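Two separate entries follow, structure 1 and structure 2, each one form of the same protein chain as structure tokens.
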Structure 1
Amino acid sequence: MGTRISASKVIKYAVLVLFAVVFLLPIWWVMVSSFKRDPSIFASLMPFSAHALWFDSEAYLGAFRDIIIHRNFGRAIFNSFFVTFSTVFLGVIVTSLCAFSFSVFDFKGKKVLFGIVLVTFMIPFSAIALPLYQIVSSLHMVDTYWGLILPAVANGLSIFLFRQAFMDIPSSYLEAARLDGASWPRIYLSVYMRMSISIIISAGIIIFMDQWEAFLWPLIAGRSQAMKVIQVAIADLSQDNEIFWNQIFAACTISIVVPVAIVLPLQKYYIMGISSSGVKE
């Protein structure tokens, strides 16, 4: 009996390790290769040698330098950071204010309005991207930061998350604050927001990921060199006439490290956020 259990355990862990390799090896290879010259990358692949998976004796930083100096990547990195963090900042404020109203007040049309929130986050973004372009264009916001930021601010999922968290806050806190004569903005800020730090982080990461990874929208609404974000810049690199693998890898490495560095330490909150989107019936 004892040996059978350990045998099945060995198989289970072997399968787990195999899957881990399938998921991690490509990422590792990309990161290692971003510190190599192209000929060195090619040489280790034809035929395959273990050297493909480890650094050259001397790390080559030229690929990073090239994309930043010659390929305008500095600007793309700045744009991605600026657009993403502005969206997170505005998004958390706007969606939590809205959720506050839905969880604290009774008002005419509440059900219909909340229905609109739910419907808007069920519609896949690609479906509205094309007509959205006409609208943003008529607001003269194509190729501006506003055009990249504003459409992503009113995030339906974030409203939903904040509403769930706020509804769990006992109404006695609200009543006590009202008796003390606190204004509604004060209650929102120092009762509801203060008690929902973990949801602020969850919603913030969800908006962050949506925006950092956005490709389709910046592709059509931020085409100019000045407005290009990192995702679009990478696609351009890989569709160029002359392709440098190590430059593409360097760009990918930068773009991968940022969300991983933010999400991994906070993954508890991120997973809490996305899994509560699954219990909405």
Structure 2
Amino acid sequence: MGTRISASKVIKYAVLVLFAVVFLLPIWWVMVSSFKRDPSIFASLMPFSAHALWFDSEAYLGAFRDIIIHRNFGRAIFNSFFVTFSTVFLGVIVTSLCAFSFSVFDFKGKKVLFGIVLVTFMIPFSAIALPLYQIVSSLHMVDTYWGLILPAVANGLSIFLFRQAFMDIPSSYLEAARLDGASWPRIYLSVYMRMSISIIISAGIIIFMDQWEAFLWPLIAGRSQAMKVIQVAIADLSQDNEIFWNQIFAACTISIVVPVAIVLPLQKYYIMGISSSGVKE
């Protein structure tokens, strides 16, 4: 019996490793290719050789230098960091406050409004891009940081996660705080937010990934070179007459490494937050 269990585990882990290799191999190839010159990249692809998956004898850093110095990619990196982290900060505050009102207060139309919130994260962004642009344009926020940040602050999925977590907090905590004379802001911060750290991290990661990977809205709302984010700057590296492949791979490497470095250490809390947010009434 022990041998059978051991064999099943070996097979399970072998399958998991196989899937990991299949999914991670293209990312590894992109990262390796970012340290090569274009001729070296294609020399090992046609025909394919194992050298395509490994570095040259001397690593070429020119692609990173070119995108930072000549392609103004440093500005795009700054824009992505500023827009993303500003959205995460404001988004966690706004969505948690919204969820707090849904979970604590009773008011007319509460269920209808929450149903609308659920519908919002099921609608593809492309369906609302044009009316959203008209609103942002009427507020004179096109080609500004506010125009890139504010539309992404009210995240429906984040509201849902916070609401489910807040409803799981026993009402006795709320009653005790009210008897002690605590104000609503204090109850929100000291009771509900303090007991929802994993949800804060989960919601923050969701908002972070949505904003970091956003392409369509930054392309529409950020017209000038000074407002471009990473995803739009990568698209600009592909031109009509020439495609700078090693520069594209270098830019993609940067855009991959940043979220991995942030999300990987927090994945335990992210899983805890998602798994704890069951359906509650």
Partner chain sequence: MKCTRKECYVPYLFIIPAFIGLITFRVSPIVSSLWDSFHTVSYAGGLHTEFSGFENYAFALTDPTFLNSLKNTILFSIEVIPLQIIWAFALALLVYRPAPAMGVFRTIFFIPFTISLAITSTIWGIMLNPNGGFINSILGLAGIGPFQFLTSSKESLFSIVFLVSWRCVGYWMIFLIGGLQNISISLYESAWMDGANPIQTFLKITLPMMKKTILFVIVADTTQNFLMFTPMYILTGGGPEGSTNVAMYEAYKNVFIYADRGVGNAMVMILLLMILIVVFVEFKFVKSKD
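Predicted model only: the values in this text are computed from it and were never measured. We call the rigid core the largest set of C-alpha positions that still match within 1.5 Å between the two forms. Residue numbering: sequential along structure 1, first residue numbered 1.
Of the two forms shown, the one predicted in complex with its partner chain is structure 1, not structure 2. Once the cores line up, the CA of V257 ends up less than 2 angstroms apart between the two structures. In the core-superposed comparison between the two structures, the CA atom of V21 travels 3.2 Å.
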